[in-house]
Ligand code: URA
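Below you will find one chain, with nothing else, as structure tokens; this is the form predicted on its own, and questions on how it binds or moves follow later.
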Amino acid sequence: MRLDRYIASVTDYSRSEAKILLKAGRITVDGLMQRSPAFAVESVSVVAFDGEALRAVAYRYFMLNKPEGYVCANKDRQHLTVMELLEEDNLQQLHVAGRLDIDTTGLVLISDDGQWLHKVTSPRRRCKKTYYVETVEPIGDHYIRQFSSGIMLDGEKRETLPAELVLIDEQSARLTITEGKYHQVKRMFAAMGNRVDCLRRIQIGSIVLDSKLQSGEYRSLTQQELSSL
């Protein structure tokens, strides 16, 4: 985390005010004066203001059970955002790892650890995401074969990567994908002549949505969940 951002997160000073404090030589990291706002503060760093140690660096990691009608953004002029569901300080520093559509519910991961967020969302890592899907029309066995081999979406130049579809009943299934194309799940079923009626994300990587979380509730991730990603 940048030093100016860290100071702003643990004090009442803004980042611009933090830069003034740094320039004045009032900030030390591990006993050494630091003047650069971009200096990287580690989790073991001891940051002091006028000789008084500030609290240790502690990144935050949450899972949220997103309700329908909320957008995955920090601010939005037209809609409620998932950040409004959090009772946390410095909400502007938190960001979502992998967005959901306004009408899609379920698992959302939120953190202020930029490197961790990148690991979750980077296309190169192909982090698996599993969804519970209900459709208007029946889902046939041929969907399984088609999704497994890849399907061409409208407006795309390449087929989707192989996806795993597990049928639950005639009009519901679990779909696991490793990409994050725009409206991908809905577009995959649309390409088969079907329409998604209900979409809920239930898993990201090895992190499963906590069944105890009611819609709109959230909790911190456990160390085991963090390590799994």
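In case it trips you up, residue 1 is the first one in the sequence shown, and so on. Here the structure is a predicted model, which means the values were calculated and not measured.
If you look for the form predicted in complex with this ligand, you will not find it shown, but the lines that follow are about it.
With the partner left out here, this ligand still marks one of 185 to 193, 22 to 30, 161 to 169, 39 to 47 in the model of the complex; by a 4.5 Å heavy atom cut-off that stretch is 185 to 193. At a distance of at most 4.5 angstroms from this ligand in the model of the complex, none of the three residues Met1, Tyr59 and Leu94 contributes a non-hydrogen atom. Although the partner is absent here, Leu199 is a contact residue: one of its heavy atoms lies within 4.5 angstroms of this ligand in the model of the complex. For the chain shown alone, Tyr131 is a contact residue for this ligand in the model of the complex, at least one non-hydrogen atom being within 4.5 angstroms. Interface membership of Thr104, defined by any non-hydrogen atom within 4.5 Å of this ligand in the model of the complex, is confirmed. At the 4.5 Å threshold, heavy atoms of Leu109 stay clear of this ligand in the model of the complex, well away from it.
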